[in-house]
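As structure tokens, one chain now follows by itself in the form predicted on its own.
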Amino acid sequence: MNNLLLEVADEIAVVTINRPKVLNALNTETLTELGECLAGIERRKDVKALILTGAGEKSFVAGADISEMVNATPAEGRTFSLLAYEAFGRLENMPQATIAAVNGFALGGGCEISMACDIRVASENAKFGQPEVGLGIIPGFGGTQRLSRLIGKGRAKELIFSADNIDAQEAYRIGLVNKVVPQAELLGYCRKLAVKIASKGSYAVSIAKYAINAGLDMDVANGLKLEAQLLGLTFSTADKKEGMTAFLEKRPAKFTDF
């Protein structure tokens, strides 16, 4: 891979978008590599959680690569959006829990890729925004859809229509990020969180993730029916037996399903 770094250790994968000279901007090659990388990770039984971050101290992902878009045709713009749709959709729906470790700028496509992760942790220097209307376009990597689901329709419209950037504390206040930590502690905090998640029943985590994601597209009644069905599914696993037996025996569980 020319634009990504992948490290796997202790059941945790760390994927780093590695284009620091252009603030890790997303181009066609990077999005293609990301989709292929995630497809490989989601099939691995030795990876229970994934951390996504950007190289360098200035930027997580500063957005889509404007130099690639400036002369693009309408058809090419749509193709570019669909490429991100595929890669980000894989990130959103892969069985492993995913954590965005957001250092510095998370603008446009950077904000959008962070929203495709299950959990967002920001360093104190992080900046979030959807600046697209200031360029004469709209968010095209999921911003018009995921942002309103995370922070509500009114706040999402304000952020997108104004093209303003917000800092990490404001992002935390409105629910865009889960936690703000000092920059030096960002990856360490995310690793600890990933290890904690990986120590739980990984199959149960993946089923819970599916229930939450799928339930958002349903009314509450159908979402509750789905939850009941999926709970029944987990009762068929060895992890259910092990987890409950370990609880009754007052010992740590040793989960094996995934």
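A quick note: this is a predicted structure, and the numbers were derived from the prediction, not measured. Numbers for residues come from their place in the sequence shown, where the first is 1.
A second form of this protein, the form predicted in complex with a small molecule, is not displayed here; the remarks below concern that form.
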Original post:
Which listed residue (69, 195, 208, 226) meets the criterion of a heavy atom within 4.5 Å of the small molecule in the predicted bound form?
Top reply: 69
**OP:** Quick one: from 44, 58, 191, 200, grab the residue that has a heavy atom within 4.5 Å of the small molecule in the predicted bound form.
**Re:** 58
Original post:
If we take heavy atoms and a 4.5 Å cut-off, which stretch out of 171-179, 113-121, 152-160, 99-107 is in contact with the small molecule in the predicted bound form?
Top reply: 99-107
**OP:** Consider residue 141 of the chain shown here, and say whether it contacts the small molecule in the predicted bound form, taking contact as heavy atoms within 4.5 Å.
**Re:** yes
Original post:
Looking in the predicted bound form, any heavy atom of residue 64 within 4.5 Å of the small molecule?
Top reply: yes
Original post:
Does at least one non-hydrogen atom of residue 23 fall within 4.5 angstroms of the small molecule in the predicted bound form?
Top reply: yes
Original post:
Can you check whether residue 89 is within 4.5 Å of the small molecule in the predicted bound form, heavy atom basis?
Top reply: no
Original post:
Counting only heavy atoms and a 4.5 Å cut-off, does the small molecule in the predicted bound form sit next to every one of 95, 230 and 234?
Top reply: no
